[in-house]
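The form predicted on its own is given below as one chain in C-alpha cells.
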Amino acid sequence: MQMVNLKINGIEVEVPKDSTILQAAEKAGVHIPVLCHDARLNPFGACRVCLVEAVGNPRLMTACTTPAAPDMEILTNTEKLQKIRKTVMELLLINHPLECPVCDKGGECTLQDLTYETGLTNVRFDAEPNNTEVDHTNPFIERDIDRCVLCGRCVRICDEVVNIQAISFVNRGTETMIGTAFDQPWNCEFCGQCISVCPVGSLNNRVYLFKNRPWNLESVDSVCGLCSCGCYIKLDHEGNEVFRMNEAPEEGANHGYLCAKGRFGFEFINSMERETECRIRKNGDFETVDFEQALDTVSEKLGAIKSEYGSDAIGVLVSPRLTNEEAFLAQKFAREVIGTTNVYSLEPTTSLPEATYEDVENSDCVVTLNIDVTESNPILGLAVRKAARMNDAGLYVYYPSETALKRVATEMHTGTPDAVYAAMDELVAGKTKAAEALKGAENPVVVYSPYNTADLYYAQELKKAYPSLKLVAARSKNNSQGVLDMGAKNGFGPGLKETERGVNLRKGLENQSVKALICLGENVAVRTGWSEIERAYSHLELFMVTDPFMSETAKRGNVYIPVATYAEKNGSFTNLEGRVQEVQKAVDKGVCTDSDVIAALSAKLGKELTADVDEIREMIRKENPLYKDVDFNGGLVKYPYAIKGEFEKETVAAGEGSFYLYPAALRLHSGSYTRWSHDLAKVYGDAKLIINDKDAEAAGIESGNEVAVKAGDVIRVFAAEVDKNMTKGCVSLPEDYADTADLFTKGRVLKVSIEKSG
C-alpha cells in the first residue's frame, strides 16, 4: 500500500495514499470539528466547519474531502480558522430556532456542541426561523425542517446505504430544504438510519420522543434478539424500562445499522401485557400459582408419566429465542435429567453458515434465490445492496414480485412461482447471464431460504456447479443457528454430532406416544409447517410452556411460566454468519429466565444443573467441539458443511385454484415478539393479503376489504392490500401468524381460490 507523510499541527503522520486530511488528523490525534461528515458516507464538504489551512496555500480547504498529499503541512486551529468557524456557525444558526430546552436532541446535539466549542455567544445576523409545521406523516420519524442545518447526512445514508432515496434536497438557494418528491407523505422502509446520523433535532425518533433525556439513561451493549442478522445494539434504559434501542456507529457486524423492528420494535420488553405470574390449568381454566407451585406440578407430572410410560413419553422443544447457554442446558435437561432423546427444535440442520457479511459486501456476483432478503433479514439486505452499488457486483434476483433490490439488480426475474423456478432451472443449467457471471466471479455468493426444500435443491445444484460459491442461509430467528449448535435437535448433540434419535415429534404427538411436552419459548401455533400439530396437544397429560407473553401456544398448555426476554438475561446468540455474540442483561422485569426454570426443575427431579452463564459456557467448551476455541464475543464458528443431504427437484405449487399463494417476509415483524410492539403494529399489525391492482379490480376488491383464501379444506379471511408491484395471478401472505401458518402447512407455494368476503 502506497503511503504519504504529512504534518498536522507539527505532528508527523503517515497514512495510506487515499486518506483525507481529516483521517490523517484522526491518526495524529488532532481534533477537527465536523458536522456534515460521517465516516460511513461519501465525503460531502457541505458545512465548511472542518476548514483547515495548508502552509503555502492561500485557499482554505475542507478536511473531510481534501486528500492528504505528501509533505503537506496542515494547521487546524489558527486564529484565522477560529474566526471563520464562528462565522460558519453564525450562518448555520440564522434559520435554526434556539429551542434547546424542548428539543429532543438535547445533550446529543452536534450543533450545540460546536457552538460551545467555537465559543459563540452572539449571532451577528438576524435569526429568521421559518416556523414550518412539524411533519408527522412518517409513523416513526418526526421531521422538523426548522432545525435542519442541511448537512445532508440523512439524504446520503438513505441513498448510499439504504438505497431507498425516500428524501432529498428540494428547492434551491435559501429555499433549500430536505423533503420528499412532490411533497408526498414520507413513506419508506422505516429503518431510521436517517435519525441515527442527524446531528441536530431535525429528525427524531417518535417512539422515544419526550419520554426521557439522554443523561438519565444507562446503556448496555448487547445483541438484537429479533432476527438472525445479529446486530450489535445499545439498550438505553432507566431503571427497569427500556427507552431506546440505539445503534453504535460503525460497530458490530452490522456496522451500526439497524432495521425498523430492531430500532422501533423494543416496546414489547416494557409491555403491560406481559405476564408475571405462573398459571396452572384446573377444570379447564387457568389459575394463578407461584413459581414453586408450578414447578411442583410439573415435576410431579413428569415423575408420574416417566413411571407409567417411560422417559421416551416426554419431549423438550426449544425455541431459537433462547440463548446458546439456555439451549445447551435444555438438551442436557432432556438427555441427562429426564433421560430422553426427544429433544426438538423446529430449525432445519440441512443448511449451515458459510459466508459472512464481509463476504457478501466484497462479492463480485450475488444471487438471491426466492427470498425478499431486504424484508426478511434487512441488514443482510444492506450487505447485498452494498455489493451491488459499491463493488459493481452483478446482482441477480429471483423472486415472484418486485422487491427493493430492483433498484440495484443487474437482472430481476419475477413472475409466477412456476416462472421463477423455471428461470432458476435455466440458471442451474448454466444457460443464463447470471450463470456466466457466477462462473467468472472470484467471490460468488448465493443467498437463499433454508426453510424451503425446493430452494435447497437449487442452492445445492449451484454449489456443485460452482465450488468457489459461498452460500448464505438466511435463517429467521435470533438464535436459529445457536440452538442447533447446542444440540437442541432430535438426533443431534452439541456440536451437531449425530446421536441417537428420539421419537419424531409430529408422529409422537399424532399417535399420542408423547404424553408430556416441555415447550421452552416456542410458539408452535404460528410456525409455518408446524401449526397443525397444535391440534394434537389435547391428549397431552403435561404441556408446559414458557414465554414472556401468553402466546397462542401457551394458551393451549396446562402449565404456563412467564420468562425473560433477551434484554433481561446474559448469554450469547449465534447469527446467520455463525458469529457468536454476547447478550447482556439491561433490565429486570421480575420474571425468571429459561435457565432458571430448567435449573429449578432439574433440582426438583433430583439432579443439579447450574443456571450460571459462565459455568454453562465452560461446559459448552468441553462438550461442544465447534465452540471449543470460539470467542463468545464475536468469534466465528467453523462448520463442517454448507448443505447436507441430496435434495430432489420438487413440484412447485400444491393444490388447486386460480391464484398462486406464496409466503412473503414478515413486514416489520420477526415472529411472536414484535406483534406486541404497538408502534410497529400501527403500520403492519395483522396479516394482509397482497394482491395485484388489476386482479383486485377484476374481483372488485379494494385495500381493506376482507378476502377469503381457500386452500383445500382450509379457509382463512384476511384484509386485502392492493399493490401494483405484486405479480398478476399471485397473492402473498406473511408467515408467522396463526392463520397463515395453517395455510402454508399445505405447502410453501400453493394454488388457492380467493373471494371477496362479506
Partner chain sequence: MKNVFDTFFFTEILQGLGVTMKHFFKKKVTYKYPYEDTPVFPRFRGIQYIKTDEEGVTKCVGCYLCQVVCPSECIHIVTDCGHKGQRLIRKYELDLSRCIYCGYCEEACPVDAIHMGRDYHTVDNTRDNYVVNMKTLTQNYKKEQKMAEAKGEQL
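Residue numbers count along the first chain shown, from 1. Because the structure is predicted, anything quoted here is derived from the model rather than measured.
Only in words, not in the display: the form predicted together with the partner chain, which the text now covers.
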Exercise. Any chance residue 216 has a heavy atom within 4.5 Å of the partner chain in the predicted bound form?
Worked result: yes
Exercise. Using heavy atoms and a 4.5 Å limit, would one call residue 210 a contact residue for the partner chain in the predicted bound form?
Worked result: yes
Exercise. Do residue 120 and the partner chain share at least one heavy atom pair within 4.5 Å in the predicted bound form?
Worked result: no
Exercise. Would residue 103 show up as a contact with the partner chain in the predicted bound form if we use heavy atoms at 4.5 Å?
Worked result: yes
Seminar exercise, completed: Only one of 94-102, 469-477, 675-683, 550-558 has residues with a heavy atom within 4.5 Å of the partner chain in the predicted bound form, and that stretch is 94-102
Seminar exercise, completed: Assert contact residue (the partner chain, in the predicted bound form, non-hydrogen atom within 4.5 Å, options 539, 431, 507, 136) equals 136
Problem set entry | Listed residue (142, 159, 312, 596) with a non-hydrogen atom within 4.5 angstroms of the partner chain in the predicted bound form | 142
